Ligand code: ADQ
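Below you will find one chain, with nothing else, as C-alpha cells; this is the form predicted alone, and questions on how it binds or moves follow later.
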C-alpha cells in the first residue's frame, strides 16, 4: 500500500467565518480523527471532506490554516441546498433513522436521494483527481455510500474500501428504503466493506441475499466474500475503539482529579449516575428518564441517595424533529424533579450543553454508575471512555443490548433492554446495591478489553486486511473499465 486517502463527510478541520474576510479553522475532535490523523501524518496521504461551511471555500485562508497538517487536505464544497438535502435530508432524515430501526422518523423525499447522489459524485470527482493506481482509498460512513458507484464509473484503479460507523439494519427494516437495490449495488462497488459488529455484517449479507439476486455470498472463517458482477468483495467486522492511554492519562491529571472531587462534594451521601448523550432520538434518553422515574417510584431506598447527571449535547438543531425531542426531555426532567425533589435533593441534574474534555473526564471519574442505553448504536464510545477513566477500577456500566459495545463489554456491563422500563429501573437498583468487590471485578474485565481493543488496533486491523486484499485483487478487477449506469 502506498498513499492513504481518507474520505469522510467532514474534514478534521472546521472552517468558520468571523467577519468580512476573516476566517478561523478549528481542529475537529472525535475517534476517527484521533485514530486516522497520526497514520496520515506518519505515512503521508490525503484527507478529503467538507469543511463545514456552505458555499465557496476561501482558498487562501484554508490553505494557510491547514499548511502544517502533515498531509494534504482537499475540501469539497456544498451549496446550502446541497447541505440541507444531502446532510440534513437523505443522510439524517432517511439513512440515520432507518439504520437505527426508527423508520417512523424517516422522510422519504425523492429530492433527497438525487442530491445525495450528486454530492457523492462530487466527492468521487475529488478522489479521482487525487488518486493513483496504487493508493488505498478509505471512505467512511453513511453519508458516502454511493461514492463507490461513482468511483467505478470514473475507472479509478486504486483499492476502494469503506467502513460503516452506524448499524446496518436487518432486511425487514432495510426493505423500506425506496433505493434499497441502488444503494446495495453502490456499496458492492467497493473492494472491501467493514462493519462495527458481527450483527451488522450478518444483516448486510442477509440484505444482499434478499435484494441482489445476482450476487452470491460465501461464508468464510475470517473475511466473508460476495461475488458480484465478476468481482469479489470482501466483508469483515472491525469494532472501533478509543485511545485508551489518552483517556486514562487524562483522568489522572490534577485538574480532572480536583473537578471530580468537587463534583462528588456537591452531592454528599449520593451515588452519581451519569448519562452523556448527543441530542438524538436513537440515544434512548426519554426511555432512560422514564426508567429512572419508575425506579424512584418503586424503590424508595433510592430517594435522596442517587442523583442522575444527564448531559445532552446539542446536535442537528436545524431539524424540527430534534426541537420536539428536546421538549420531551425537558418535560420528563421537570416531571421527575417536580414529583421527587426535596429541600436538599434534586433527583436529576440536567445540562443541555457540551462538556469540555477535562469536565467530561471529571464526570467519568466522579460518577459511580454510567447510564448508556441507546435504542440502537453502531458502537457507542461513551461506554468505553467511562471504563478507561475508571482508574480506581470501580464503577458500574449499565449498557443497552443494542449498542455495538455490548458485544465486547458483556462480561462486565449490566446489559438491559432500553424499551423495558421496569427492567432498567430494577437494574438501577442492582447497580446501586452492588458491592465494591463485584464492581471492581466487572470493571477490570471491561478495562482490559477497552485497553486491548483500542482505536489504533482498529485502524491497524482494517488497513492490514484491506492492504492484503488489495494485493490479491486480480488486475482485471483493479482495471475495471466497464461503466455502470447511474440508478
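The shown structure was predicted, so the numbers you read here are calculated from the model rather than taken from an experiment. Residue numbers count along the first chain shown, from 1.
There is another form of this protein, the form predicted together with this ligand, and it is not shown here; the text below is about that form.
Among 311, 346, 211, 205, the residue placing a heavy atom within 4.5 Å of this ligand in the predicted bound form is 311. Just one of 191, 135, 277, 200 comes within 4.5 Å of this ligand in the predicted bound form, counting any heavy atom, and that one is 277. Contact check for 353, 360 and 382: all three have a heavy atom within 4.5 Å of this ligand in the predicted bound form. None of 387-395, 226-234, 373-381, 181-189 except one has non-hydrogen atoms within 4.5 angstroms of this ligand in the predicted bound form; the exception is 373-381. Within 4.5 Å of any heavy atom of this ligand in the predicted bound form lies no heavy atom of residue 408. Residue contact with this ligand in the predicted bound form: residue 195 places no heavy atom within 4.5 Å of it. Using a 4.5 angstroms limit between non-hydrogen atoms, residue 283 touches this ligand in the predicted bound form. Looking at residue 96, you'd find a heavy atom of it within 4.5 angstroms of this ligand in the predicted bound form.
Interface residues of 161-182, taken as those with a heavy atom within 4.5 Å of this ligand in the predicted bound form (partner not displayed): 165, 166, in sequence order.
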